[in-house]
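What follows is one chain in structure tokens, specifically the form predicted alone.
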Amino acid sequence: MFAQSVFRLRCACWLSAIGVLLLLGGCAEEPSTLERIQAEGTLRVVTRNSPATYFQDRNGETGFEYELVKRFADDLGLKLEIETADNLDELFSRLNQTNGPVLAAAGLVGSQGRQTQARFSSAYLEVTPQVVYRNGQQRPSRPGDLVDKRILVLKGSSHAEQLQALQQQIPELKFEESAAVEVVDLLRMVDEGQIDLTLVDSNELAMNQVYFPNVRVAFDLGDAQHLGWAVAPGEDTSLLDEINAFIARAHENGSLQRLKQRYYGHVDVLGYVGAYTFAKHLQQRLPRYEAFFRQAAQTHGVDWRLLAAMGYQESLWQPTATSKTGVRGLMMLTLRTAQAMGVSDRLDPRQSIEGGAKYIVWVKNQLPESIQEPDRTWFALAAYNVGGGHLEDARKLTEAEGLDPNKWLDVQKILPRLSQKQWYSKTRYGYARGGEPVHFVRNIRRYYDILTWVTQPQLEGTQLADSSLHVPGIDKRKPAENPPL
């Protein structure tokens, strides 16, 4: 009897304990999205594969959206995991899947029609929707001119929403949507005359304009819009709050502006004629010298496409080019530099390219260690053009103005002062055509961007090179034994 009483008492205690545990468990809150991804240690992001967002080349993953979201992941101490969607509908579908990516970073406008699909962050880039047409055709100048035109836009895009709204005012307006194309495809179709018009954002047009020399801007359709990152809709704002705080810091500390400048600060330097000429030379001239660029690049640890971009800026890939000042050859070396680099014949394209590669490595190795990538590459190119002494003068003037002498974004603003007496009279090396290296670097960056995109292979396997640079830097090598003074 006593044993039975003890048994009943123990059972009652166990049941009470279980009840308390169940009660406590029922009251426990689910972890927030931010807490969950921090516990997992991985930030899963879905994006689009395009020059303006994300792509892969031999050096790994790159693109404006990729670099920005990589910085966000690093700030959180998380591993970044990128996946790409074939179209916008798929992108938003994945974002709303259970256990899917928690963030979409894909050049997205937080349009009214997307508010049920996602919640959008604060803006990090302003863009303008632009109607584009083919050169040689009649230029549309207002929305009414879009009637009776073959118009194609991305399915599910903010541009499709704009055209749908425009149809309320102009019922006869017709257009088609496609999920089987990307912005590059739309521009190519306009360039080749397969469609009459399309609608794209200004940043993507600027990035891709050079590949399609027949594409022109007709007019801006509506006001400027803002790009933001997207998270799944719902009451949990933990991740969105963290994103907004990150974007605010990026605005305040200048890192966002520097990223914008790196990707978009040089995209409009060629113009239509320059773009067409470069495209022609890319097909007709580069193949003759590509092997030389690749060989020199491998020897000296330089991306061959950066060398090729330098060669095009210097001579338009013409091995017999000669300037009034006596620089000669495909890489336009001075006699003194050629001799220091072991070049006996400046008109020999193989020797010229080898000398140019060797020299840019030497120049880069002379820069102060305080200059980090990617700025280190821009500074090396500027010194290659104007000389290390003048560049150092510009850095000192930059610092005197309260700007950062280790950031190309700041120094390029000051370099043109070297041609003004009130400024160069204060420097050690005196007068220089300071605007030239700015132009030189800007052009090379644009040529390099084009070469990177048109020659990129998809990486095989899952191993990606560790690279934080949009434009790969030049590895440090032993300086030349007899460097030019």
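All of these numbers come straight from a predicted model, not from anything done at the bench. The numbering used is simple: start at 1 and walk along the sequence shown.
The same protein has a further form, the form predicted in complex with ligand GLU, not shown here; the description that follows concerns it.
Residue contact with ligand GLU in the predicted bound form: R376 places no heavy atom within 4.5 Å of it. Taking non-hydrogen atoms only, V200 approaches ligand GLU to within 4.5 angstroms in the predicted bound form. The closest heavy atom approach of E204 to ligand GLU in the predicted bound form falls within 4.5 Å. Although the partner is absent here, L108 is a contact residue: one of its heavy atoms lies within 4.5 angstroms of ligand GLU in the predicted bound form. Annotation: in the predicted bound form, residues R48, L154 and H159 each come within 4.5 Å of ligand GLU through at least one heavy atom. Residues with any non-hydrogen atom within 4.5 angstroms of ligand GLU in the predicted bound form fall in just one of 344-352, 297-305, 108-116, 135-143: 108-116.
The partner is absent here; in the predicted bound form, the one residue of M189, A338, V183, I414 having a heavy atom within 4.5 Å of ligand GLU is V183. Note on contacts: among V210, L88, V363, L239, the single residue with a heavy atom within 4.5 Å of ligand GLU in the predicted bound form is L88.
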